[in-house]
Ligand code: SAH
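Here we start with a single chain on its own, the form predicted on its own, put down as structure tokens.
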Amino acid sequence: MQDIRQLTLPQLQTAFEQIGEPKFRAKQVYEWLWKKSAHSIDEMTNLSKELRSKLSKQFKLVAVEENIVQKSADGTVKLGMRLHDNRLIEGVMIPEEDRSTGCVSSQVGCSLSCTFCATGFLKRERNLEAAEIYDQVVLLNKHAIEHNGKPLTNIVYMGMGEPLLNYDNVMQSIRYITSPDGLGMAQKRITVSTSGISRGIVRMADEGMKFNIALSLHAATNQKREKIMDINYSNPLEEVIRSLNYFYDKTGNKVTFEYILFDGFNDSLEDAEHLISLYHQVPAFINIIEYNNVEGVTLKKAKRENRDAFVSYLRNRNISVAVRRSRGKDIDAACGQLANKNK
């Protein structure tokens, strides 16, 4: 039986004609799928019972189900979500005074094995479908409304997996999330985070979409970055910077450098100088991130005094930088922690 959410609107219209139903019914169903976020055909109450029965015999609607909910004292909510094949993925809702951010996954596991990431302990089992990414946003939005009193304002593709290694499904999910026929979020509220897949960055630039891009940098020289991120061997920083400049030229959107500070590894003033050098090679903004320590990982969160000295050094040189505090410390908030415990 075919998953009804695999069909485009024209394909739905054709399918309806084949079962003797008018094309406008297909539009109604499409609206239920992507605007009203129906999780079953029976929810489509403006369709007759006879039509719903007919559709149920021909199509299935496979929705992602909430499985585990962890709530932090700081308001962060971590969701473990079950897929139709019983695999587990993760998403996080991060509340702030003026916004609620949903962090979504793009793959089950990950193939990149970055040494500091809990997802790196999980093998990549498969890519997520566009609808499975969309469903994460719907579930996280429900928690944003319940716990923060407002819907999600921002979406970041920073969960499990490398988004640009699931390119087509990630782009299609963004269309569902931003389309007027879908959830209607502004593209400028979407950020895709990548470890640095140069060909994917160029392809995104050519798409003409206006969402944001963040580079998971974490070390500002090839030699040091290769120690913690194998992807740097095939996508060295020079190549990644070229692709990011291409993205900026096409979209006009600055890049965000995501930089986790690790104790004794990348938190020296010499490291800060290398980061400044990269900053001046592409229009960028820097997010300094506090690390959530992960069991089994030797890298640890930088000491507070080193973090403060690092950030001050950047600011004294007129670098656009912010510090992103660690959230959800009392739950499994780091990407992959929950899945590792429940695999």
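One rule holds for the numbers: they count along the sequence shown, beginning at 1. This is a predicted model, so every value here is computed, not measured.
The next section is about a form of this same protein that is not shown, the form predicted in complex with ligand SAH.
The partner is not drawn, yet in the model of the complex one stretch among 252-260, 201-209, 74-82, 182-190 has residues with heavy atoms inside 4.5 Å of ligand SAH: 252-260. Contact annotation: residue 194 falls within 4.5 Å of ligand SAH in the model of the complex, judged by heavy atom distances. Taking the partner from the other structure, ligand SAH in the model of the complex has a heavy atom within 4.5 Å of a heavy atom of residue 116. When ligand SAH is considered in the model of the complex, residue 278 lies well away from it, no heavy atom lying within 4.5 Å.
When ligand SAH is considered in the model of the complex, residue 143 lies well away from it, no heavy atom lying within 4.5 Å. Scanning 30, 59, 285, 291 against ligand SAH in the model of the complex with a 4.5 Å heavy atom cut-off leaves one residue, 291. With contact defined as any non-hydrogen atom lying within 4.5 angstroms of ligand SAH in the model of the complex, the contacting residues in 139-176 are 157, 158, 159, 161, 162, 163, given in sequence order.
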